[in-house]
Every structure is written in C-alpha cells, then in structure tokens.
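A lone chain, given as structure tokens: the form predicted on its own.
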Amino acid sequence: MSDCLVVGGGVIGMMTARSLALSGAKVTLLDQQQCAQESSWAGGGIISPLYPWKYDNLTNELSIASQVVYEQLCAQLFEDTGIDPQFLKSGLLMMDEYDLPEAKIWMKSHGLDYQAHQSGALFANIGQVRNPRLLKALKADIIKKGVKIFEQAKVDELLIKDGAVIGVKTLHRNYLSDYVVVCSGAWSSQWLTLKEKVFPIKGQMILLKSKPGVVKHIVLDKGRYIIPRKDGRIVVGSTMQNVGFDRAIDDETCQSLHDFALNRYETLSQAKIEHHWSGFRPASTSAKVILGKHSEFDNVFINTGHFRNGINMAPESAKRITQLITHEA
C-alpha cells in the first residue's frame, strides 16, 4: 500500500510523483501505456504560455513560478541522472499580438518587457527544454527516489469501500493508497467523473533537420511556433483539432507547417523533414487548469487540464498538489 497513488505518467504525473517523494511520501505511479509517450512527449517544450495575456490568473501563476525554477531543476536532474534535459534560454521572438492593448496592459501589470526586433518583440528570458529528454530524466529520477512505476496499468475506476476511496482498480489488480492524484491528461474523464469534462485537442507537429544557428530564437506567429534545438534541429508546430482520440496525421498539415517555417526562414528550404507526429492536449470545458481536491472524495486530488501548458506549469502544479496533500495528511 502507498501513501500516494499518482495516475498518469506524463510530465504532470512524474513531476507530481517527484514532489510527493521529496516530501517523504511513499509513492506509486501508474500509466496506461508507457510513461512519457503522450502529450508531454509530443509538445514543444517552451517554458511560457504562448500569449500569456490570453490565459487566466492561475495559468500564469503556475507558469511564472515554474519559470523561476526550471533552469535549476534541469541542472539537478542532469546531475542526479546523467540525462541532460537541455534547458536553453533561447528567447522568444513574438511576431504578432504583442502590441495589442490587452497585451500592453498585461505586460505592464506583470513588469514584463521586451526588446525591439526587426521582426517583432524579443522576450529574451524565455527558455525551453527538450521535452523527451526532460521526461527520460524525470523517470530515472523518480525511480531513484523510490517511486514504484507500473506501466500498462490502465485504471478503470476508483476503488471504494464503505463510501471511501481506498485506491484504484485496473484489469489485473487493485492498487491501494491513502491518496489518489489524477494526472491522466486528456484521458482523465474516461475513468473518473469530474465536475467539468477533460477532452483531447489534437496537435500536429514536424521536425526539421538543420544546423545550429540557422534559427536563433523561438519564433511565435499566428499561434504557431518554430523552436531551435541545441543540435540544430527545428520543431515546428502546431495545429488544433477537436477530433477525439484520432492520431491520424496528414500531408496537407505537414506541408502547412513546413510552409510556415519557410515563409519566415528561407534558409530552411534545404532542411529535411525528419518526423511528423500528433499528440493530444488535455483541454477542459472551462479552458482552465483543474487543480485541487475532488468534489466528492476528500482523499482524491486532480491535477489535469493543462492544455498547451503542461510542460511549463508542471513544477508549480506538482508543488501545489503536494502542499494540499501534505496539509491534509
């Protein structure tokens, strides 16, 4: 039996498991397939909301607090696991919307400023991580910290005895725990009744093979982005499609993403498309993060609905859930 049972092995689930383990809890983590293979793996790894003034206060609170710790967190993970998440403060070049009235008001109220650039506004302090490497480092780290991971363990429902939650049911066995933390992303509403539904919004992305220095900064324009990695590879994304759990990718979208990059950097015309993939962002009906205690059960906590911002909100989201649980304990 565990003190805490975390359901979901993406960045939110693993960061939550890490935070709970650091607090002294005995933690078990379940994933329906393999850890770190869904939305967290598929995203771009920008440590900031794309247009922060479009989001609610909680999203920005979680994001800003996480930005403060990310560089040190990645350094610690590298030291402890030997896996480098490749945190890079590449800056973000925003080509649109930064000069809108609501954007100016938000930036003034948050003390955020940018450098003038010939193509828009450069936010020099914005960083990024190579999310597949971050996820590998997190998995190795939580195992070292004593977290028990069970993969191919799809949760069917809460395990309830005498009106109280005592764990979860899977096909092959029950897992008992004092607390259950739901970090199932886009799948959260498939096995648990929530006050508001969580559902998938598919995004398609491509990876270009280029050389270091061709693109210096993260580029954001019209809701899409270009992200230069340390090795010269370029991530280009992304689309938004409300099509359920349909993983299909298509040539038209691939070409559209490629054209988006080429229209801003002609030098990428020789860059080969190495990969094209899709992922499922966990959206909520309110378009807000769901973070807190379940409405019906005192020992069930929810940490989901992060939509496009799971990577950049994960450290603070994990910290707040941990604080809620340890306070309850």
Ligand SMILES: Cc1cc2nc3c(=O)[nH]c(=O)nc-3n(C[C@H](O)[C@H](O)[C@H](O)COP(=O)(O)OP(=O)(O)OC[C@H]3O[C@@H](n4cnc5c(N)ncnc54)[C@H](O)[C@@H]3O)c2cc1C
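In this text, residue numbers run from 1 along the sequence as written. Keep in mind that this is a model prediction, so the values were computed, not measured.
Keep in mind that the form predicted together with the ligand is not shown, yet the notes after this line are about it.
Contact check for N309: a non-hydrogen atom falls within 4.5 Å of the ligand in the predicted bound form. Using a 4.5 angstroms limit between non-hydrogen atoms, Q32 touches the ligand in the predicted bound form. Of the heavy atoms in L268, none are within 4.5 Å of the ligand in the predicted bound form. Interface membership of G91, defined by any non-hydrogen atom within 4.5 Å of the ligand in the predicted bound form, is ruled out. The contact with the ligand in the predicted bound form, taken as any heavy atom within 4.5 Å, belongs to K154 out of H117, K209, K216, K154. Every residue in the set G45, S184 and R281 has a non-hydrogen atom no more than 4.5 Å from the ligand in the predicted bound form. In short, of 260 to 268, 51 to 59, 37 to 45, 286 to 294 it is 37 to 45 that has heavy atoms within 4.5 Å of the ligand in the predicted bound form. Residues G203, M205, Y225 are the ones in 201 to 227 with at least one heavy atom within 4.5 Å of the ligand in the predicted bound form, listed in sequence order.
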